[in-house]
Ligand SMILES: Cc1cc2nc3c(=O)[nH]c(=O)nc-3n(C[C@H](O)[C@H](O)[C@H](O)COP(=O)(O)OP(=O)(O)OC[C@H]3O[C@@H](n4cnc5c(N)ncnc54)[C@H](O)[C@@H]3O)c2cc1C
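In C-alpha coordinates, one chain follows: the form predicted alone.
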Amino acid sequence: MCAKKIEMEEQAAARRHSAVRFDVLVIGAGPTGLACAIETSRRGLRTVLVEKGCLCNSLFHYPSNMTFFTTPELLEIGDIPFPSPNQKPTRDEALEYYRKVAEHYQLDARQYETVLRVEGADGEFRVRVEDRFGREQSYATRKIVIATGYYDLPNYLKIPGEALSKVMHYYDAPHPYYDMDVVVIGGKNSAAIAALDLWRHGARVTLVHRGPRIHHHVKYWVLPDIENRIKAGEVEAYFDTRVTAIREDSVELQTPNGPKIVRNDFVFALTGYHPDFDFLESLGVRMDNKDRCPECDPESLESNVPGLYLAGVIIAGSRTNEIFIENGRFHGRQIAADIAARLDEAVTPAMLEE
(Lines give C-alpha, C1' and ligand atoms only; values in the text may rest on other atoms or scores of the structure.)
Protein backbone atom coordinates (compact mmCIF):
# COMPACT_ATOMS: atom_id res chain seq x y z
CA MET A 1 0.00 0.00 0.00
CA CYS A 2 1.43 3.36 -1.02
CA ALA A 3 2.19 6.03 1.59
CA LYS A 4 -0.36 8.41 0.06
CA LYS A 5 -3.19 5.88 0.43
CA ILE A 6 -2.23 5.14 4.04
CA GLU A 7 -2.22 8.87 4.78
CA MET A 8 -5.67 9.27 3.21
CA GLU A 9 -7.09 6.39 5.24
CA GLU A 10 -5.62 7.82 8.45
CA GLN A 11 -7.16 11.20 7.68
CA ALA A 12 -10.54 9.56 7.01
CA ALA A 13 -10.36 7.69 10.32
CA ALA A 14 -9.48 10.88 12.17
CA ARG A 15 -12.41 12.64 10.54
CA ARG A 16 -14.80 9.87 11.57
CA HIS A 17 -13.72 9.82 15.18
CA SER A 18 -13.44 13.53 15.91
CA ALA A 19 -16.13 15.65 17.53
CA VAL A 20 -17.02 17.94 14.62
CA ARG A 21 -19.55 20.75 14.75
CA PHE A 22 -22.21 20.70 12.05
CA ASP A 23 -25.07 22.99 11.21
CA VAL A 24 -27.42 20.09 10.53
CA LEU A 25 -27.27 16.42 11.47
CA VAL A 26 -29.75 14.13 9.71
CA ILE A 27 -30.59 10.85 11.42
CA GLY A 28 -31.44 8.35 8.69
CA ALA A 29 -29.92 8.06 5.20
CA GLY A 30 -32.90 6.80 3.25
CA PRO A 31 -34.37 8.73 0.31
CA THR A 32 -36.02 11.31 2.60
CA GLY A 33 -32.88 11.77 4.70
CA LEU A 34 -30.78 12.16 1.56
CA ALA A 35 -33.24 14.73 0.20
CA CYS A 36 -33.01 16.71 3.45
CA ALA A 37 -29.20 16.65 3.38
CA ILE A 38 -29.18 17.80 -0.24
CA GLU A 39 -31.43 20.77 0.49
CA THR A 40 -29.53 21.91 3.58
CA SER A 41 -26.18 21.50 1.80
CA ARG A 42 -27.46 23.57 -1.11
CA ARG A 43 -28.02 26.42 1.34
CA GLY A 44 -24.42 26.27 2.50
CA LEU A 45 -25.19 24.46 5.75
CA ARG A 46 -22.57 21.96 6.89
CA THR A 47 -24.54 18.72 6.97
CA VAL A 48 -23.88 15.14 8.03
CA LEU A 49 -26.07 12.04 7.82
CA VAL A 50 -25.93 9.27 10.43
CA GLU A 51 -27.30 5.86 9.44
CA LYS A 52 -27.36 2.73 11.57
CA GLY A 53 -27.10 0.51 8.49
CA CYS A 54 -26.05 1.03 4.91
CA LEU A 55 -27.17 3.85 2.65
CA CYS A 56 -30.92 3.42 2.06
CA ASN A 57 -30.91 0.61 4.58
CA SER A 58 -34.66 0.01 4.46
CA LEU A 59 -34.71 -0.25 0.66
CA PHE A 60 -31.79 -2.66 0.83
CA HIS A 61 -33.89 -4.97 3.04
CA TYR A 62 -36.85 -4.98 0.67
CA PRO A 63 -37.34 -8.24 -1.32
CA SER A 64 -34.54 -8.60 -3.85
CA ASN A 65 -36.91 -8.72 -6.83
CA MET A 66 -39.29 -6.02 -5.58
CA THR A 67 -40.90 -3.61 -8.04
CA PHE A 68 -42.07 -0.18 -6.92
CA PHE A 69 -45.72 0.76 -7.24
CA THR A 70 -44.79 4.18 -8.58
CA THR A 71 -42.97 5.61 -11.60
CA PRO A 72 -39.26 6.64 -11.63
CA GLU A 73 -39.85 10.39 -11.68
CA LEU A 74 -41.80 10.21 -8.41
CA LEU A 75 -38.77 8.73 -6.67
CA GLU A 76 -36.37 11.46 -7.80
CA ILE A 77 -34.53 13.67 -5.31
CA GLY A 78 -32.13 16.56 -5.72
CA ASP A 79 -33.39 17.36 -9.24
CA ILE A 80 -31.48 14.33 -10.57
CA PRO A 81 -33.42 12.28 -13.16
CA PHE A 82 -34.04 8.61 -12.38
CA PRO A 83 -33.00 6.79 -15.58
CA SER A 84 -35.01 3.57 -15.75
CA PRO A 85 -36.30 1.69 -18.81
CA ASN A 86 -39.14 0.34 -16.69
CA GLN A 87 -42.45 2.03 -15.98
CA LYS A 88 -42.10 0.73 -12.41
CA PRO A 89 -38.46 0.66 -11.27
CA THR A 90 -36.95 -2.19 -9.29
CA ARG A 91 -35.31 -2.19 -5.87
CA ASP A 92 -31.85 -2.61 -7.39
CA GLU A 93 -32.41 0.31 -9.77
CA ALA A 94 -33.48 2.49 -6.84
CA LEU A 95 -30.41 1.56 -4.78
CA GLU A 96 -28.16 2.38 -7.73
CA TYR A 97 -29.94 5.69 -8.28
CA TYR A 98 -29.69 6.86 -4.65
CA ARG A 99 -26.02 5.85 -4.48
CA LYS A 100 -25.31 7.97 -7.54
CA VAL A 101 -27.23 10.92 -6.09
CA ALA A 102 -25.29 10.74 -2.83
CA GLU A 103 -22.07 10.59 -4.83
CA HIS A 104 -23.09 13.51 -7.05
CA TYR A 105 -23.77 15.79 -4.08
CA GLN A 106 -20.80 14.42 -2.13
CA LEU A 107 -23.00 13.85 0.89
CA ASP A 108 -21.23 13.11 4.16
CA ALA A 109 -22.99 9.89 5.20
CA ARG A 110 -21.67 8.08 8.27
CA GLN A 111 -22.91 4.52 7.76
CA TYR A 112 -23.21 1.79 10.40
CA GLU A 113 -23.47 4.27 13.27
CA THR A 114 -26.38 3.93 15.68
CA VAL A 115 -27.60 6.95 17.61
CA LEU A 116 -27.48 6.21 21.33
CA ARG A 117 -28.82 9.48 22.67
CA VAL A 118 -29.12 13.18 22.02
CA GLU A 119 -27.95 15.73 24.57
CA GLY A 120 -28.06 19.52 24.77
CA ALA A 121 -30.56 21.88 23.22
CA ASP A 122 -31.28 23.93 20.10
CA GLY A 123 -28.05 25.34 18.70
CA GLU A 124 -25.87 23.15 20.88
CA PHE A 125 -26.94 19.55 20.37
CA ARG A 126 -24.57 16.67 21.02
CA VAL A 127 -25.42 13.38 19.29
CA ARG A 128 -23.80 10.27 20.76
CA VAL A 129 -23.38 7.33 18.39
CA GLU A 130 -21.94 3.84 18.42
CA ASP A 131 -20.36 2.07 15.45
CA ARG A 132 -20.75 -1.62 14.62
CA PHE A 133 -17.73 -2.48 16.80
CA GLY A 134 -19.18 -0.83 19.88
CA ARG A 135 -16.97 2.26 19.73
CA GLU A 136 -18.64 5.49 20.78
CA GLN A 137 -18.15 8.99 19.43
CA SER A 138 -20.16 12.19 19.27
CA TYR A 139 -21.17 14.93 16.87
CA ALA A 140 -21.97 18.53 17.75
CA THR A 141 -24.71 20.11 15.67
CA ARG A 142 -26.91 23.17 15.74
CA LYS A 143 -30.02 21.48 14.30
CA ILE A 144 -31.24 17.88 13.98
CA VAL A 145 -33.48 16.29 11.37
CA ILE A 146 -35.01 12.88 12.11
CA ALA A 147 -35.80 10.88 8.96
CA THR A 148 -35.68 7.34 10.33
CA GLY A 149 -38.71 5.90 8.54
CA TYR A 150 -40.41 2.87 10.05
CA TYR A 151 -39.28 -0.31 8.26
CA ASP A 152 -36.66 -1.24 10.88
CA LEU A 153 -39.22 -2.03 13.61
CA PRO A 154 -41.65 -4.90 12.91
CA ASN A 155 -45.02 -5.21 14.60
CA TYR A 156 -44.37 -8.28 16.70
CA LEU A 157 -47.05 -10.89 17.31
CA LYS A 158 -46.03 -11.38 20.95
CA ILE A 159 -46.83 -15.08 20.94
CA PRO A 160 -44.91 -18.17 22.10
CA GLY A 161 -42.24 -19.23 19.62
CA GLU A 162 -41.86 -15.91 17.83
CA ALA A 163 -38.18 -15.83 18.82
CA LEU A 164 -37.42 -19.14 17.06
CA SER A 165 -34.85 -18.86 14.26
CA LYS A 166 -37.44 -20.12 11.75
CA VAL A 167 -39.47 -16.91 12.19
CA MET A 168 -38.65 -13.87 10.04
CA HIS A 169 -40.21 -10.43 9.76
CA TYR A 170 -38.64 -9.58 6.40
CA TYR A 171 -38.85 -11.42 3.10
CA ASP A 172 -35.90 -11.50 0.73
CA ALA A 173 -35.81 -14.34 -1.79
CA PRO A 174 -37.64 -17.65 -2.34
CA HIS A 175 -34.84 -20.11 -3.10
CA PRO A 176 -34.04 -21.26 0.49
CA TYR A 177 -37.66 -22.35 0.99
CA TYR A 178 -38.06 -24.68 -1.97
CA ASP A 179 -40.00 -27.83 -0.98
CA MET A 180 -40.63 -26.38 2.50
CA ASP A 181 -43.88 -25.76 4.38
CA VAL A 182 -44.04 -21.99 4.81
CA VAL A 183 -46.60 -19.93 6.71
CA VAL A 184 -47.01 -16.29 5.71
CA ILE A 185 -48.81 -14.13 8.27
CA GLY A 186 -50.50 -10.98 6.99
CA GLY A 187 -52.95 -9.78 4.38
CA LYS A 188 -51.38 -6.73 2.76
CA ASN A 189 -48.79 -6.17 0.02
CA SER A 190 -45.77 -7.71 1.70
CA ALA A 191 -47.62 -10.89 2.65
CA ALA A 192 -49.36 -11.30 -0.71
CA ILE A 193 -46.18 -10.74 -2.72
CA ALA A 194 -44.14 -13.10 -0.53
CA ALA A 195 -46.80 -15.82 -0.69
CA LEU A 196 -46.91 -15.67 -4.48
CA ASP A 197 -43.14 -15.63 -4.87
CA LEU A 198 -42.69 -18.56 -2.51
CA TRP A 199 -45.40 -20.61 -4.22
CA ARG A 200 -43.94 -19.93 -7.68
CA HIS A 201 -40.57 -21.20 -6.51
CA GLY A 202 -41.71 -24.49 -5.09
CA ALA A 203 -42.71 -23.79 -1.48
CA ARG A 204 -45.95 -25.09 0.04
CA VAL A 205 -47.55 -21.88 1.25
CA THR A 206 -50.19 -21.25 3.90
CA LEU A 207 -51.43 -17.68 4.27
CA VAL A 208 -52.89 -16.62 7.63
CA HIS A 209 -54.71 -13.31 8.05
CA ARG A 210 -56.77 -11.97 10.92
CA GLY A 211 -59.05 -10.11 8.49
CA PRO A 212 -61.89 -11.59 6.42
CA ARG A 213 -60.04 -11.32 3.10
CA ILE A 214 -56.90 -10.01 1.40
CA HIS A 215 -56.71 -6.26 2.00
CA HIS A 216 -58.21 -4.17 -0.81
CA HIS A 217 -55.16 -1.86 -0.83
CA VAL A 218 -52.95 -4.66 -2.22
CA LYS A 219 -51.42 -3.61 -5.57
CA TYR A 220 -53.90 -3.94 -8.39
CA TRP A 221 -51.81 -6.46 -10.33
CA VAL A 222 -51.09 -8.55 -7.21
CA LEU A 223 -54.61 -8.77 -5.74
CA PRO A 224 -56.28 -10.90 -8.45
CA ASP A 225 -53.17 -13.08 -8.65
CA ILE A 226 -53.19 -14.03 -4.96
CA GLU A 227 -56.99 -14.38 -4.91
CA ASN A 228 -56.85 -16.76 -7.87
CA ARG A 229 -54.10 -18.84 -6.28
CA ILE A 230 -56.18 -19.16 -3.13
CA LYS A 231 -59.33 -19.99 -5.10
CA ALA A 232 -57.45 -22.72 -6.99
CA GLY A 233 -56.11 -24.20 -3.75
CA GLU A 234 -52.52 -23.54 -4.77
CA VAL A 235 -52.03 -21.29 -1.75
CA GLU A 236 -53.93 -22.41 1.33
CA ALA A 237 -55.48 -19.50 3.21
CA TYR A 238 -57.05 -19.03 6.64
CA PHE A 239 -58.98 -15.80 7.16
CA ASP A 240 -60.41 -14.41 10.40
CA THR A 241 -57.61 -16.45 11.93
CA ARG A 242 -54.85 -15.75 14.44
CA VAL A 243 -51.56 -17.56 15.00
CA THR A 244 -51.49 -18.42 18.70
CA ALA A 245 -48.14 -20.21 18.94
CA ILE A 246 -45.18 -21.23 16.78
CA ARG A 247 -43.44 -24.53 17.42
CA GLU A 248 -40.33 -26.12 15.89
CA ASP A 249 -42.34 -28.19 13.39
CA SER A 250 -45.78 -26.60 13.44
CA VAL A 251 -47.88 -23.49 13.85
CA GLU A 252 -50.98 -23.32 16.05
CA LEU A 253 -53.96 -21.39 14.71
CA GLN A 254 -57.24 -20.18 16.13
CA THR A 255 -59.65 -20.38 13.19
CA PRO A 256 -63.40 -19.58 12.99
CA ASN A 257 -63.91 -23.35 13.26
CA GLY A 258 -61.67 -23.76 16.30
CA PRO A 259 -57.99 -24.55 16.95
CA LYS A 260 -55.87 -26.06 14.20
CA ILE A 261 -52.25 -27.23 13.97
CA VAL A 262 -50.44 -26.72 10.65
CA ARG A 263 -47.21 -28.50 9.67
CA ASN A 264 -44.49 -25.90 9.23
CA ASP A 265 -40.79 -25.32 8.50
CA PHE A 266 -40.58 -21.50 8.24
CA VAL A 267 -42.73 -18.50 9.17
CA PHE A 268 -42.79 -15.04 7.61
CA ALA A 269 -44.63 -12.72 10.00
CA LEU A 270 -45.27 -9.82 7.63
CA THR A 271 -47.64 -7.90 9.86
CA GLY A 272 -46.34 -4.40 9.27
CA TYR A 273 -43.83 -2.03 10.83
CA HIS A 274 -43.86 1.14 12.92
CA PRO A 275 -41.70 4.21 13.59
CA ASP A 276 -39.43 4.30 16.62
CA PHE A 277 -41.87 6.03 18.95
CA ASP A 278 -39.71 5.34 22.01
CA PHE A 279 -36.77 7.20 20.46
CA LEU A 280 -38.94 10.21 19.62
CA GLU A 281 -40.38 10.30 23.13
CA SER A 282 -36.88 10.07 24.63
CA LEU A 283 -36.09 13.30 22.79
CA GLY A 284 -39.12 15.03 24.27
CA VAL A 285 -41.30 14.90 21.15
CA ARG A 286 -44.98 14.90 22.10
CA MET A 287 -47.42 12.58 20.32
CA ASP A 288 -51.19 12.34 20.26
CA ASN A 289 -52.92 9.40 21.92
CA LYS A 290 -54.78 8.08 18.87
CA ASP A 291 -52.30 7.60 16.02
CA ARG A 292 -49.15 8.66 17.86
CA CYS A 293 -48.61 11.48 15.37
CA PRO A 294 -45.72 13.61 16.65
CA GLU A 295 -46.30 17.29 17.25
CA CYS A 296 -44.69 19.43 14.57
CA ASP A 297 -45.28 22.66 12.69
CA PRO A 298 -46.88 21.85 9.29
CA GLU A 299 -44.87 24.55 7.52
CA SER A 300 -41.37 24.18 9.00
CA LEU A 301 -41.73 20.56 10.22
CA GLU A 302 -40.02 21.58 13.46
CA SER A 303 -41.26 19.47 16.36
CA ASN A 304 -42.27 20.78 19.75
CA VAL A 305 -38.57 20.41 20.67
CA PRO A 306 -36.82 23.55 19.37
CA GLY A 307 -34.23 22.77 16.70
CA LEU A 308 -35.50 19.21 16.17
CA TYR A 309 -37.18 18.60 12.81
CA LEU A 310 -39.14 15.61 11.51
CA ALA A 311 -39.20 14.33 7.93
CA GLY A 312 -40.82 11.49 6.05
CA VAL A 313 -43.19 8.84 7.28
CA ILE A 314 -42.61 9.44 10.99
CA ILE A 315 -44.74 12.59 10.70
CA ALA A 316 -47.81 10.37 10.18
CA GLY A 317 -47.24 8.33 13.33
CA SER A 318 -48.85 4.90 13.08
CA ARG A 319 -50.60 5.87 9.83
CA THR A 320 -47.63 4.67 7.81
CA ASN A 321 -49.64 4.40 4.58
CA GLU A 322 -49.98 8.19 4.26
CA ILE A 323 -46.40 9.29 3.52
CA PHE A 324 -44.09 7.60 1.04
CA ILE A 325 -40.93 8.52 -0.86
CA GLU A 326 -43.15 10.33 -3.37
CA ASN A 327 -44.24 13.02 -0.90
CA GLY A 328 -41.66 12.69 1.89
CA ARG A 329 -38.89 13.68 -0.54
CA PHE A 330 -40.18 17.28 -0.48
CA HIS A 331 -39.87 17.69 3.28
CA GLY A 332 -36.22 18.65 2.95
CA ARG A 333 -37.11 21.91 1.19
CA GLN A 334 -39.43 22.99 4.00
CA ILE A 335 -36.90 22.09 6.67
CA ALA A 336 -33.90 23.64 4.92
CA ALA A 337 -35.75 26.90 4.33
CA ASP A 338 -36.67 27.20 7.99
CA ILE A 339 -33.22 26.27 9.30
CA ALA A 340 -31.45 28.67 6.93
CA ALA A 341 -33.78 31.47 8.00
CA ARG A 342 -33.06 30.84 11.67
CA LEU A 343 -29.31 30.42 11.63
CA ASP A 344 -27.27 33.58 11.81
CA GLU A 345 -24.80 32.38 9.20
CA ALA A 346 -24.92 29.71 6.53
CA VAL A 347 -21.58 28.07 7.17
CA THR A 348 -19.92 27.58 10.54
CA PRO A 349 -16.27 26.59 11.15
CA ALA A 350 -15.58 23.14 12.54
CA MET A 351 -14.92 22.83 16.22
CA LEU A 352 -11.42 21.93 17.25
CA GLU A 353 -10.94 18.28 18.09
CA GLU A 354 -11.67 17.69 21.71
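Keep in mind that this is a model prediction, so the values were computed, not measured. Throughout, we count residues from 1 along the sequence that is shown.
The same protein has a further form, the form predicted in complex with the named molecule, not shown here; the description that follows concerns it.
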property: The named molecule contact in the predicted complex: residue 52, any heavy atom under 4.5 Å; result: yes
property: Touches the named molecule in the predicted complex: residue 148 (any heavy atom, 4.5 Å); result: yes
property: Heavy atom of residue 236 within 4.5 Å of the named molecule in the predicted complex; result: no
property: Exercise: residue 108 in contact with the named molecule in the predicted complex, heavy atom 4.5 Å; result: no
property: Partner-facing stretch of 40 to 48, 301 to 309, 284 to 292, 325 to 333, counted where any non-hydrogen atom is within 4.5 angstroms of the named molecule in the predicted complex; result: 325 to 333
property: Contact assignment for the named molecule in the predicted complex, among 76, 93, 113, 181, heavy atom within 4.5 Å; result: 113
property: Heavy atom contacts to the named molecule in the predicted complex at 4.5 Å, residues of 59 to 82 in sequence order; result: 59, 62, 63, 66, 68, 69, 70, 75
